[in-house]
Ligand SMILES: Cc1cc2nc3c(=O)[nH]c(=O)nc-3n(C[C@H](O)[C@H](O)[C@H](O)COP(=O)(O)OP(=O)(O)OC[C@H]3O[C@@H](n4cnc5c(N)ncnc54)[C@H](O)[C@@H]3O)c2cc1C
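Okay, here we've got a single chain as structure tokens, the form predicted alone, with questions on binding and movement later.
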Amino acid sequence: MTTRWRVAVVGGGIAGLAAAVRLRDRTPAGTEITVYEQSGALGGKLRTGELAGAAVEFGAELFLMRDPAGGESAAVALVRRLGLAGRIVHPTVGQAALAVDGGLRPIPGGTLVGVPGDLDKVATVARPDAAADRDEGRPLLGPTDDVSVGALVRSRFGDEVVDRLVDPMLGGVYAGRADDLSLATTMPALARAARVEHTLLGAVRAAQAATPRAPGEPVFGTLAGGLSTLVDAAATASGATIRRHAAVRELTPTGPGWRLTVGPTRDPEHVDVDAVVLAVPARPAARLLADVAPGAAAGIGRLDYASVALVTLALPEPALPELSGFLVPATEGLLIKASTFFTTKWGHLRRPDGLALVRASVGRYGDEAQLQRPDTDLAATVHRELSAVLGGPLPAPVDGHVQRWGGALPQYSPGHLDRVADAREVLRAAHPTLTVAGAGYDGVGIPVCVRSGETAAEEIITALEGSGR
């Protein structure tokens, strides 16, 4: 086996950086790792900026502390690996609300991404059709079945639970609709339980019991100083050569390895490597795979994405409720689909001058035309709608920022996991030194992306070790 492997990581988001760190930790000394990032910034959807003199997230805001099995999440494990555990902070206000019927109502407890585990608790927001959730003598789903979240919940609890609870919860995460999103991908614990339980209520309770949480244990965390500190630390720890503004346009097999075509068409650079981790969204990955693995490309390329905009306003001493924020059902007819009261939710961000940072998420899948408005129009609309939801005019912002994320959030239709598994099997059989990683394949959220990148790195290591190189 050679002691000088050359591995390319295409994509400098958190999945790609996690892959690079794992490669550095687990490959022989002298391994050359290069991260190619098309844009000028690492981190993908992790981006900490500054507004009114304060650090604020213009992308992902937090990470789960636990994994689905109840252990430490991959994000927390990476944070520890990078020596940043002392920076972890947790929300000081956890209660969020739903904007329904012109006012705010606390999100009921006992739900799993909005799906009730106790029908009485959700009665303040929605009226479930309890009679529809009958035991028909068999599990809700077959061993390999996948359905949309909306289809399952509507059939068991009725439309109002989906429209007022589940849809806004999923919309806040995916900017998508419950009726379109795969249960197995977006709610894997519930999907597993539904293959055993005969009622949806029983499935929710079983899924909740499978991941017990100690009273008072924090669900979410972030890093003091911003999540860009995680990005910077990962890039440093990987020891990788970081190539910014370096678009990989073509992959060509070269016997046991790969040749990357990098840069502009008029002046391309060719780089030879032993293995490649493709940590880019599904469509760019499909384009790169089209010639070398057309079967895999076809499966991956079907994935669609939603675009969103995040509008952050700095408001002088606004009258905000003691909430972390609120979600908005699409049925309310607002442009805003979610809002976070940063300086209320996160105690470490509170300011002695009373300036509040409030962020709103705009954009639902299929309604991208709304995002064509100019920044000033989006900010003004958000300010107006926030005032309406909160029941009174908010002060004029002293600063603001609009962050647009085009094609940011994957829309996992039913069967997504099977399509990805098939594509990976094709790649593994034909090209074991080429893997894919990231949200487009395994799900959204920092822990999922970190785990995806690390798993891809392990597959590359196994392939290179097996090749005797």
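The structure displayed is predicted, hence computed values, not measured ones. Don't overthink the numbering: it's just position in the shown sequence, from 1.
What comes next is about the form predicted together with the named molecule, which does not appear here.
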*Is A423 one of the residues lying within 4.5 Å of the named molecule in the model of the complex, judged by heavy atom distances?*
no
*Taking 4.5 angstroms as the cut-off for heavy atoms, does L371 touch the named molecule in the model of the complex?*
no
*Using a 4.5 Å heavy atom cut-off, state whether E61 contacts the named molecule in the model of the complex.*
yes
*Tell me, yes or no, whether I14 is in contact with the named molecule in the model of the complex, where a contact means a heavy atom of each within 4.5 Å.*
yes
*Residues in which of 65-73, 26-34, 423-431, 437-445 have heavy atoms within 4.5 Å of the named molecule in the model of the complex?*
437-445
*Only one of G299, G117, P284, G150 has a non-hydrogen atom within 4.5 angstroms of the named molecule in the model of the complex; which is it?*
P284
*Enumerate the residues of 42-57 that have a non-hydrogen atom within 4.5 Å of the named molecule in the model of the complex, in sequence order, or give none.*
G43, G44, K45, L46
